[in-house]
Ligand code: NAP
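Presented as structure tokens, the chain that follows is alone, the form predicted on its own.
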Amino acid sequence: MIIGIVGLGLIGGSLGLDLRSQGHRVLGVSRKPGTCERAIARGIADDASVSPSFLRQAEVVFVCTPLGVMETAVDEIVPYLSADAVLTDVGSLKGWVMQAIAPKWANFVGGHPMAGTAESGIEAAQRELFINCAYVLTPMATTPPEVVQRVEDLARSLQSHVYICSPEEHDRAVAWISHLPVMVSASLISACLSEADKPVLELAKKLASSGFRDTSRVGGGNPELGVMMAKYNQEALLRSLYAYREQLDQAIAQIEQSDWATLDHHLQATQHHRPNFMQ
């Protein structure tokens, strides 16, 4: 199969590495000539270009640009797609994508491979990034079943776990387990930096280990991605932030009142429920 990838960063580059290893021919498109050259050199793409006309041969095209430029990117590539080409995206929000992007192409399937690292750009691309990760598809009722199946087959070939749901369900779910953690993690880092005693702050930095590393990781990720999450999923993210603030207020009250029994009950409950999110 001939596959086009528009946007050769972490996700687009990783898709290219894996799909080429399966024998697909990958055509990459980037705005930067240097990125195109690097994609070929790293084995991410068989060929790459800054011109969207490069995608005339593509049977399936993955749009892997940031959300903020996705609509412009799709407008640029649609005139060059063959009539039966399948278009899909990897955006972390699906409500906006299905409203703004889906109407532009009948064979469009909304997609979200839920994989990544704290790094970004083509040098961050890696093989087998999507193994055992969730890959969400949000087709419309009018999307041809064979089009959905083609994208699903490619997602499963990456050894991802495929889930199909509505855009609204997707956005509410990821607000809890993806977007809220970014804001909480970033706030954790900011809270630590508010320590006015410099020796204590420096000691805290030296003592930081796995607990801080794990809880601060997503807050130290790509700022552009965090802003896009908030901008394009504002309602659902605010809903989760308000709920989280309520939980914090309850914890503060329990500690202020030395209510250790209630705090213990709360921590027992969270210990019990966490494995259900780690399937």
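The first residue of the sequence shown is number 1, and the count goes up from there. As the structure is a computational prediction, the values presented were derived from the model and not from experiment.
There is another form of this protein, the form predicted together with the named molecule, and it is not shown here; the text below is about that form.
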**Complete:** Per contact check vs the named molecule in the predicted bound form (non-hydrogen atom within 4.5 angstroms), the hit among 24 to 32, 243 to 251, 208 to 216, 40 to 48 is 24 to 32
**Prompt:** So in the predicted bound form, does any heavy atom of A236 sit within 4.5 Å of the named molecule?
**Reply:** no
**Message:** in the predicted bound form, is there a heavy atom of the named molecule that lies within 4.5 Å of any heavy atom of T138, even though the partner is absent here?
**Reply:** no
**Prompt:** So in the predicted bound form, does any heavy atom of S120 sit within 4.5 Å of the named molecule?
**Reply:** yes
**Asked** Should G4 be counted as a contact of the named molecule in the predicted bound form, where contact means heavy atoms within 4.5 Å?
**Response** no
**Prompt:** With the partner left out here, if you bring back the named molecule in the predicted bound form, are V60, G110 and P144 all within 4.5 Å of it by some heavy atom?
**Reply:** no
**Message:** Going through 86 to 113, which residues have a heavy atom within 4.5 Å of the named molecule in the predicted bound form? Please give them in sequence order.
**Reply:** V90, G91, S92, H112, P113
